[in-house]
Structures are given as C-alpha cells and as structure tokens.
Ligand code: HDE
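Only one chain is shown below, in structure tokens, and it's the form predicted on its own.
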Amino acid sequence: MDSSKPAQVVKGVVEAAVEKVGDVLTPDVPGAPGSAPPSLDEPTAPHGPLPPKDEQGAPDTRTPTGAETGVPKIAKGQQGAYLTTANGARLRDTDHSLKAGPRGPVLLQDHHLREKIMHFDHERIPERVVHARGAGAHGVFVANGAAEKVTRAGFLKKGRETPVFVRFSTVLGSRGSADTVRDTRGFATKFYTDEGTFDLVGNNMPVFFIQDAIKFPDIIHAGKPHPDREIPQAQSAHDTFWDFVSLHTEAQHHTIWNMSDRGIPRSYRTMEGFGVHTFRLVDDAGATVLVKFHWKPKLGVHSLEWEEAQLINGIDPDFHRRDLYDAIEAGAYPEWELGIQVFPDTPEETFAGIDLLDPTKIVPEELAPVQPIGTLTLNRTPRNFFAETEQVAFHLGHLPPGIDVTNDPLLQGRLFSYLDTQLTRLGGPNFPQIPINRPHADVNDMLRDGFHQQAVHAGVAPYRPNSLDGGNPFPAGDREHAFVDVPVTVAEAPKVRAAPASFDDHFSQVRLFWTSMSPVEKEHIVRAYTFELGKCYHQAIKERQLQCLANIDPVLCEQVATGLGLPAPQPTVPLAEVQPSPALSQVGREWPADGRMVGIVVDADGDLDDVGEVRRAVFAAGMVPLLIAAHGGTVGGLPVQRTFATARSVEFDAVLLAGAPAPAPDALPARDAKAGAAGSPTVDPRVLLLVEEAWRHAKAIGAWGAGAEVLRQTGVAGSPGVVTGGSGAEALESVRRLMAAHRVWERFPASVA
C-alpha cells in the first residue's frame, strides 16, 4: 500500500476480499460481526475456535516481565473444541443446575454453577472516573528521525518502528453514554518502546480547564451530572458546569474550545491530539529543550453539525467507535503525524511572553511551527474490548530515556493521580502485567507480591545492594541508556499555595481563539454558548458567563445575549490585542476523502445501469458506498446495505441519488415516523427527509437521471454543493471534489464576520 495514500484502496479495492453477488464483483463493506458467516441451523460438529477477523489484533505474547514468548497471539484466546470449567475439565451440560431430581432443589455441590455465577457476578470492574467511554486500536509508529537532534529517545530515531495502542475517549460521560456529545476527547497513546513504555496521554484540545491539579476534582464534579438527580449525562449544558467556569475564569479558554466545533468531532480519524503540557527532551550530550506534542490527522480536522450530533446520539450512540473500527476493517487506516513545537529551555520557561508551564495557554503555530517527527497508523482493532481497551492503563510517568516532565502544576498532579486510580480499577499494583500493559523491554523491578502477581520471581534478594543474587539487578548508566532525571535548578523560595503572576491572564488567548475562527465557525460557537446557557436554570449564572464573554469579545457576547434574551454587559477588563492564528481554524483547506461513507439511493424499478459502476468507483476512491433501497436483499444484483426505514442522513458524508423511488409499501406514518411527510409526494418521503437533512447539515449531494426529481421535490436543486451529472460517474466526481472541503459551508452565509 502506498504510504502516501494509506487508504486509497479498500482491502486492495476490487482485487481482494470480494464476494460474488449476481454477475457483479463487489468489495465487502465493513461491519460483519464474526469471522465466518453463521449457519441457519445450530452447528453441532465439534471444531476449534474460529480465527479472529483479518483486522483484529492483540497484545504481543510477552511474559509479565517483558520477554518475548514466540507463541502466536491467538494462543491467548480460547483453546479446544469442547466446553470446560476454568480449570479445563470438559462439561456435558451448562444449561441445567445439578438438582435432587428434575423438580428438586439445586444442590450446593454444583461446582460448575458456583464457578459460572461467581465469575459473572465479578466480571465488571469500576469504570474510569473520567474518560470512562472509550475505543481503542492497535497500530505502529514510524519515526522520521527529525527528533534525533533534540532527544536521545531511541524510538524517535529515523526509521524506527514502535508498536502502539491508542485509546480515544470522552471525558464526562459514563461507559454507557453516547459518542457524539459535546465534550473534550482523550487521545492516549501507549508506545511499546524497547527502552520502556512511553504513555503520551493527551486530549483533542491543547489546553485544559484548570492550571493546577488540586482543582481537578472541582472541575470534574462541576461537569459531571448533578449529585441529587444524576442528570444530565455526558454534557456540560447545566448549572453546575457554568457556575464553576464563570467563577473560575481560567477555564474560559478550554470552554471556548468545547463550544467550538472541536467539541463534536466527526470521527476520531479527523481529530487532532495534543500533549497539553510542556515536556523536556534530553539529547545524548545532556542538552535540553522544551516541547509540546501535537497529533495531526492525515484526513484533516472535521466536526459534526450540532443537530447532526444530536440525531446521531439517538440513532447510533456508538457512532465514533463504529466509524473507527469500520475504517480499519475497510483498510482505510487512520493516520496522524506526530509533531513537536520546540522552545529553548530557559530559566524563565517562557516563549514569546507565553508561560510554557500554564496548561491553559497555547503557543500559536505561527510563532513556533509544528515539526513532524513521525507517523502513527492504526491498523488493527482489539480482539477483546475488555481485555484491551478497558484494561489498558496509562500514566504520564511512563517515560523513556530522553523525555522528562516539567513543573507544570497540572502535570505534576497527574503524575500522582494516574497511578493511584489504577489501584481501585485494576485491583492492585501489578496492573502493568496485564497483557495490554506489558512492556516490550526487560523488566527487573524488585517489586514483589501484591494482588494479581503473574510473574514468578527468582532469586532471594529483592533489595539493593545484595550479594546473594550476585548483585543483580545492577544500576544502569548513560552507556546503558538509563532514564535521565534532568537536574533542573529549583529556585530558592518559600512554600506557598499560589500561582505565578503570568497565570493571571484568563482572556487574551480566548480572544485569540475567537478571532482565529472563520465566520461559520463563529456562528457555531455562538449557537453552542446560547444552547448550553439556555439549559441553565439560574439567571445569575447566565449573566455571570455573559460577563466572561464580554471580556472575550463584544460581538460574541452580544450575539449570545440576544439568544438568551438578556442585555449584553460591558467588558470589565481591556480587550487584548491579538494576532489571529489561522492554524486554529478547521475551515479553508482540502483533505483526502479516505474512508468516508457515501449513501447511494437506488430505485428498484428505475435505471440501474450506472449504479454498479459508481459503487466500484467509490470503493476505488478509498471510500465506502452504502446502497439505500426500499427493501433489503439485492437490487439489480447489488447488495443493499440500508433501507429507507433504517437509513438516516447522519451516517453519510455525502448522498448520491440514482433514482426517484416511489413511496414503498412500508412508507406509513403508523409504521415509520420518518414517513410522516406532509402531502402526497411521488417520491418516498423518507428519501426526501434524508436529502433535506443532508442539505441542512451542509453535505455534498449529487444526482443523475431520475434522481434530479428528488432535488426538485426537496427544493434544494441549484443550491451550493448540490450537483447533477449526465451520468453517475460525472455526479460522483463532482461530489468527490466537494467532499475534499468536508462541508459546503457557503450554503449558509454567516452573519458574524
């Protein structure tokens, strides 16, 4: 596969993974739940476990102390053809308890019942306090060598390949919450380097709500559901959140990022990641620089429309994890460039007047460009969600030689908290021995015993110094690439509970973000603030937050105040003079359409000559076509993936109309609420609704032949981003060009400059 176009083919386009449907060869669309199709009848001939699906991966088969075992990864799965106890005894029956006669009481001696129920009763572990809902994937990181001049970290040397596991997540919601809520997303990457594990634990926003970790319980308690009613779930549109951020104004910068389109990403694949904090890199000579880490998606940064996100939460609450796993299965491997902003390591630890230890501040890329140092590719889905995604444990103190921390007070607190939380979640201190957490480097830590100890330690002297074990383990030096605690000079100062004066500026960078947005992005920010504050009960909280907005920008404040029906206050601080940063905007560039979903509406009674060709062309462009018809099965020999009853515009990035299907037999309001359109349309009302929604959400729409009638009946014909072609190929090509910009925002002119 061409590394410059990682998803330009879907499983080798048409050459691989094809199925015969009628007379047409069609590549698979992703989403099959198992590795083999099920039989109609219950299978009865014994055989071993089915192999995993092609796209599924698993942690390396290593010992608890990091040694390679050489056994295949599948060895960690179930073995044998027969049902057994946990200790391997084969069982005749698992449907009936052992009783004193068919109608008698269950006997206490039923060890199989006891074992089965005992395990079921304890198969859940506490969910994460934050970042509870997540999705993970395996991949590889390849360094380009650009970082060699600033760090001794071996995994960043040119051409070095390092296995990784990445977990994406939302912050506020529970494990059962929806994916497309307005929230910050976690972007945590575990690098299994041969010098020890490196965990880069970041977010999709480069700043955080607070400057000091001691406030972390406060912001999370404010953002979580109210403690009396346990509502609302997974959202910030409520009084306690806005009460806190309007009183604690250092939170305003992160808040405006949340209120922007960054708060509702289209996909994990189109989401930036940031290390948030400033780190220190050490080279072979001991020289140091300060850096900030950035993940740049190859597909660009792209978000959902707010109404679209709300619809998805009801239609498919697993939208983001489904999108990630389907893309990997389809061969549209998500890719990011890892980059660093590099700053001199000065005693002041500032750059261009910006305090690098303040996690509520960014350094604009125009002042310090992001230098690419390697590429991350996710190419395997987990084989077992619990064993891998749920049990993976990250910690900012997992650092390889060449990377060190700084005195950022939020980072310092996280260094304590991340280890502490694993004790409750994973049952003890030996969580690094869980397969997904096992390092790919030798471990000789002298950390003995404890809950869930899986290593079998040898030797009699778990202490240093010793002679009984021949002195092993020995301390390492620079020649052995030992970790370096940089000997930073700590200034003489009294012990105080205080922050430096440079932390006091809470509004200038918020204004920088606002002024850097395009008009359409500003409209979305106004809408988000208006919606969220409109959900608050207390008037005083709304008025207090409006005062914060007045200190950011008068136009922003006035527009939100108008939506709330309140007067706009005057600023209480001078408005900062800022230089906009174009890098903060998501709009104005073009990106590959790899892995995007294209819905194709077909009419079973219409002209289907072009549909097969268009479908193949969509696959060949690295996208996934989903045929939408009145019924399931096949139409014209082509497989139907969605029906008018099951399809909704929100799962498609673009819509193509190959026909104007008449109302189907199930287009009845009593059977499908989407069929409740007014009047008596000649086109199925659910198709009209699909097109109207796609148009409303600024998506590209194309039609050819009879499909143009749908555009006429919906009234969208001729508007920006709605195209027709003389053939399916022409319509697809026009739509594909429009998709490069993600959305057709010119369809809705903004009122805010």
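What you are looking at is a predicted structure, and each value in this text was computed from that prediction instead of being measured. Numbers follow the displayed sequence, beginning with 1.
One more form of this protein should be noted, the form predicted together with this ligand, which is absent from this view; the next part is about it.
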query: Among 156-164, 231-239, 538-546, 194-202, the region lying within 4.5 Å of this ligand in the predicted bound form by heavy atom distance; finding: 194-202
query: 4.5 Å heavy atom contact, H131 and this ligand in the predicted bound form; finding: yes
query: Exercise: G331 in contact with this ligand in the predicted bound form, heavy atom 4.5 Å; finding: no
query: Heavy atom of I340 within 4.5 Å of this ligand in the predicted bound form; finding: no
query: Partner contact for F208 in the predicted bound form: this ligand, 4.5 angstroms, heavy atom; finding: yes
query: Candidate from F394, F351, F431, W514 lying within 4.5 Å of this ligand in the predicted bound form - any heavy atom; finding: F394
query: Partner-contacting position among A137, A188, A593, A630 - heavy atom within 4.5 Å of this ligand in the predicted bound form; finding: A188
query: In the predicted bound form, residues of 409-423 near this ligand [heavy atom within 4.5 Å]; finding: L410, R414, S417, Y418, T421, Q422
